Structure formats: structure tokens, C-alpha cells
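Take a look at this single chain in C-alpha cells; it is the form predicted on its own.
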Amino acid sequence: MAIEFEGVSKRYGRAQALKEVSLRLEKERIYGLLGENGAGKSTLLNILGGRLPQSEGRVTVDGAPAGSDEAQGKVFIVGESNYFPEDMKVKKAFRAAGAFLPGFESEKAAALAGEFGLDVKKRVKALSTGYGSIFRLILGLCSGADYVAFDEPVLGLDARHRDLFYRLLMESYAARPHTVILSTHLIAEAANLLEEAVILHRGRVVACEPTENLRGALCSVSGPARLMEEFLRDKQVLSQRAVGGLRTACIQNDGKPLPPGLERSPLDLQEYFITLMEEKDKEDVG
């Protein structure tokens, strides 16, 4: 059982946010949904949550159409929107969540509010931007849903609260394995949490792999410019830079021994993402 996107496209007038996306998200995995602004990440999640209709294609959750009652009971999307009455107090909102989320953990929500310093006696509309985000994060962490997606969850949070969220997310996952989809620009912060990465570029999926595979696919090679020029002659160079007499290039990692005088280093997930985006932009221009 899984989430499946089959040939999903989404158009807003002449603009196309998603282009024939086909994707399978398995159960009990932590996915990173990565992409630049406008890549289609939020659109993808809103279609999954039944908040937007797709223009073409099919989305199912364990075989049920996204947006159906059966699918809605299994998916919880944490985004910028608040779906509770703004004059409702946080404490009452947590109680209300249990009415439409059968697995919602009310006691855990109260405990997490204490850890974050969220005043449950405040009205939802009175919460600051940061604590409004924390309120929605707690709903996601306590939802009990089989599939939980967080859309840019830590924007507006200070470093301490971001670290607390990541820790609580991993504790929640360990206690009750489920599928987590983490859409984020802060790749370096979240990289160690992610088991798989889905990378979108201009509405298309350009990579969907375990993060270890992505990190191992490319490498950085550096050395004196003269040696590098000879070495790179028959290589596909994705990016390169020179500082003084030292030259560094990003290439496909074939694992072969390097000539004396050159050094290889792996790319982290953020470096891989940046390099891939640069390569795709060049392809689009070409």
C-alpha cells in the first residue's frame, strides 16, 4: 500500500505547476520533497490532501482516490493555512482535532505544547506567526495519520524550536512508524532525517532516490589546474570553479582511482541539489 501519483498535471490558466508527475511513496518512510520556489511542491501536497483537483492524472492513497473520505482519514497535511475558527482557543482546537482525526493524541499534544512553550489558553488568531506554525506542527506530530506531510514546517521558527521539531519528528516516527513527507528549503538541516529524496524542477520529478544513492552519484574532484584540465578532458563536468591555481569540479562518481595529485570528496545532499538544479537550468536553456 502506498501513495501513487500517475501522470499528474496541474494547470493554472496558461501556467503549468505540475507536468505528468508519476511517483510512488511507500509506507513507513521519511521523504524529503525538495525543489526551488515554484517547483510545484505545495501544489503536489495540496492535490494529495484533496485541497486542489489535478488537471490530469490520478492520485490514490492505499488505492482510494485522493480527496475521498477513505483517503482523507489517512492523510494529514501541515501547511500555512489554519482550518480552525480563529476565535477558538488552542486547547479546544486540540480537543476538536480528535473529532475528525480518529488517531489524534490529545494528551501528547498538550505535552508538546508545554515543550514548545505554546499557551493553550490563547485563541488561535492571537498566536504570533511562529507560534501559529508551532500549533500546526503539533497537530501534525499528534495526528495519528498514516501519511503526514509538512510543507515548509520550520519557516519562522528560531533555531531552538527547529531543533526541537526535528527531534520530536524522529521520536514520533520511531514510536509509530508512518510515512512522513518533509517539504523544505533548509536541506542541510533536514538531510540526516531523510531516507529518500524527491526532487522537483519546474513541475517535473527529476530525481527520486534513497538519499545515500544521490549523495554517492556525484563527487567533487580538486587539484592543480594543469592536472585537472587533463583529468577532465573525457569527463562530463556538471560544475567547476577555480581559485588561484586550484581547480574544483563536480562530476559523475565512477569510483575509479584518481591520478596522483588529485583529491575526491563526496557531495552532501544540499550540494547535490544545487548542482542538479544548475544542470537542469542549463538543459532548459539549451
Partner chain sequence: MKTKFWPAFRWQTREYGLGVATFWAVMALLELAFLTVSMVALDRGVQIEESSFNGLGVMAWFCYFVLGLAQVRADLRLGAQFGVTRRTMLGATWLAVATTGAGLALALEVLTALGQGIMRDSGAHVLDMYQVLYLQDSWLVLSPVQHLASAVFNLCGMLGAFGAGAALSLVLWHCARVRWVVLICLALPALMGGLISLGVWLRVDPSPFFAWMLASPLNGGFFFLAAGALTGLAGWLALRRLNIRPGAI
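Owing to the predicted nature of the structure, the values given are computational and were not obtained by experimental measurement. C-alpha atoms forming the largest set that superposes within 1.5 Å between two forms make up the rigid core. Numbering follows the first chain given and starts at 1.
The form predicted together with the partner chain is left out here; the points below concern that form.
Trainee: Sort through Arg176, His185, Lys125, Arg204 and report the residue having a heavy atom within 4.5 Å of the partner chain in the model of the complex.
Mentor: Comparing distances to the partner chain in the model of the complex, the residue within 4.5 Å is Lys125.
Trainee: Between Ala96, Ala111, Val120, Cys208, only one gets a heavy atom within 4.5 angstroms of the partner chain in the model of the complex; which residue is that?
Mentor: Of the candidates Ala96, Ala111, Val120, Cys208, Ala96 is the one lying within 4.5 Å of the partner chain in the model of the complex.
Trainee: Any chance Ser239, Thr248 and Pro257 all have a heavy atom within 4.5 Å of the partner chain in the model of the complex?
Mentor: Result no, not one residue of the spot touches the partner chain.
Trainee: Since the chain is shown here on its own, which stretch among 111 to 119, 196 to 204, 96 to 104, 176 to 184 would lie within 4.5 Å of the partner chain in the model of the complex, judged by heavy atoms?
Mentor: One stretch meets the cut-off, namely 96 to 104.
Trainee: Whether Glu70 contacts the partner chain in the model of the complex should be assessed with a 4.5 Å heavy atom distance threshold; does it?
Mentor: Yes, Glu70 is a contact residue.
Trainee: Any chance Gly38 has a heavy atom within 4.5 Å of the partner chain in the model of the complex?
Mentor: Because no heavy atom of Gly38 falls inside 4.5 Å of the partner chain in the model of the complex, the answer is no.
Trainee: Using a 4.5 angstroms cut-off on non-hydrogen atoms, would Gly216 count as touching the partner chain in the model of the complex?
Mentor: No, Gly216 sits far enough from the partner chain in the model of the complex that none of its heavy atoms falls within 4.5 Å.
Trainee: Is there a heavy atom of Pro53 no more than 4.5 Å from a heavy atom of the partner chain in the model of the complex?
Mentor: Close contact exists here: in the model of the complex, Pro53 approaches the partner chain to within 4.5 Å, heavy atoms only.
Trainee: At 4.5 Å, heavy atom to heavy atom, what parts of 70 to 84 sit next to the partner chain in the model of the complex? List them in sequence order, or say none.
Mentor: Glu70, Gln72, Gly73, Phe76, Ile77, Glu80, Ser81, Asn82, Tyr83, Phe84, in sequence order.
Trainee: With a threshold of 2 Å on the C-alpha, tell me if Ala126 counts as moved between the shown form and the other one once the core is superposed.
Mentor: Comparing forms between the shown form and the other one, the Ala126 CA shifts at least 2 Å.
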